[in-house]
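Let's start with one chain on its own, the form predicted on its own, as structure tokens.
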């Protein structure tokens, strides 16, 4: 698409502020850019850089106490900045001229209305269609975004769809009124790599067909390299670098852009800190034939189940002392359920888990009573995915990190405080912050607090369930390096559950690939990630976006079909 086409939207010197009790926060400062027909501008930066606030300003969706302080956002002869947040003019613009795909479809779609009724509402409001015509148009939109059996699925509810299907519904709603500009705010953050590739392919195809301008907001530099034509890098509310995507990736001039790119490229390799398993040591954990079957449709008061679902099916592996084993696969593959079965927070249906700490009797985890499980939980700990929801907001850092020590009865009083200080120092936090509460910390700092809590009882194994998925890329590599450093110093073994192939390749010694509850491939991480043998693994790895516009990967990805195994 030619770059000399007149811009659909021109943003000039945009300033967005939030008036708080502590003073005025300048969230967006003197931001300028243009959106042109058929081209995609990638707006990148870490959390808090002002990306989403900028996008919301384009649709006058900045909630109080935020407001547009100055600047112009020209859509033809209309300055959006002067329309205000309410009124017929801005309502007519939203959806019809500018539409938005929001980050989290589960919270953006109504859970009590069918997906059809939500699309039909937008069509009747903006296009003044009758109900029958609007329903026909909604079915056509669902077909365009490749939702199978649209005639039936139009009457289903949000919770009946997978994450990828929900995102397709969001795209259908955004396209309902043929907008000239599409804003995609982290449209694939919650999706696994194959679903992400499908959704991005869909967005790009529809954009080309309709000639829309697109503003793509993401912290994933690989997605930007694969999808965007131009890029603008935001840092602390300002655009610090902008230009064609190839130029910015290969000739970055600003130190922040350079640091962002180096953090991304770092995860394309293998960690230098990786220690590897202890040579000649017996396995510390043995999993054999582990499975979990859920009964479906039995009802709250019992009764005969209508069917059963096999979430984990005959999984076997061993974890060596000092080893990092990665469990990778798409959403719904059974990764997290496997971690919970090992912890026995979910009871296995069949199989065995044997924990064999060095110098101590082996534990048959499935046969442990309550006292035995308590001893097991002291040595096998869990690091949760979301550092925002996994910490109690009413507890101080001292209480959070010290809770396992207090519950176990091993330490109290001054000795407990001393141990908490040691743990905070171990994970790179100032011990003097122990009196603060979780809201006072960034995502990366909260994850460090969660790791300190997991280490409190000096465990042998940490099971980490997507521990970096909620973090920015630069923070992600810091947390991974911290975990590797702790492994080297404390002799830890890890089970790393992730859908991020880059994290697995960087962090793990071996990797097990799961699909539909089964391990389809297991082996050395470098071999599996560079020369996989199973067709599903090949499809999974080829769908990972590569952070270099000169080496696209998603557009040439392999697709897995059941009969290709």
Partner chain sequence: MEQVTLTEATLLPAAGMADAGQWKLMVWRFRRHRLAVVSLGIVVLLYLVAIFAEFLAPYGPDLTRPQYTYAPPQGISFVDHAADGALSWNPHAAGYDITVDQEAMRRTFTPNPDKIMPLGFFVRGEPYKLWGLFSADLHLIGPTKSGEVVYLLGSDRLGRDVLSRLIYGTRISMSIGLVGVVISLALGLFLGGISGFYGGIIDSLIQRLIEVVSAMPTIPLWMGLAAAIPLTWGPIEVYFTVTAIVSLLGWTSLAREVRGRFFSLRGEDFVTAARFDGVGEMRIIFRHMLPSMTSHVLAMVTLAVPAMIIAETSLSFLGIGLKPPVVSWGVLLQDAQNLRAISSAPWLLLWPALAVMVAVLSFNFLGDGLRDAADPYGD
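Positions refer to the first chain, counted from 1. No experiment lies behind these values; they were computed from the predicted model shown.
Separately, the form predicted in complex with its partner chain exists; it is not shown, and the next lines address it.
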query: Residues 370, 391 and 437 all lining its partner chain in the predicted bound form, heavy atom within 4.5 Å; finding: yes
query: Among the candidates 127, 490, 72, 407, the residue which, in the predicted bound form, approaches its partner chain to within 4.5 Å (heavy atoms); finding: 407
query: The unique member of 381, 335, 292, 476 whose heavy atoms fall within 4.5 Å of its partner chain in the predicted bound form; finding: 381
query: Residue stretch of 257 to 265, 282 to 290, 320 to 328, 341 to 349 approaching its partner chain in the predicted bound form, non-hydrogen atom distance within 4.5 Å; finding: 341 to 349
query: Residue 556 within 4.5 Å of its partner chain in the predicted bound form, heavy atoms; finding: no
query: Any non-hydrogen atom of residue 50 within 4.5 angstroms of its partner chain in the predicted bound form; finding: yes
query: Touches its partner chain in the predicted bound form: residue 460 (any heavy atom, 4.5 Å); finding: no
query: Interface membership of residue 442, its partner chain in the predicted bound form, 4.5 Å heavy atom rule; finding: yes
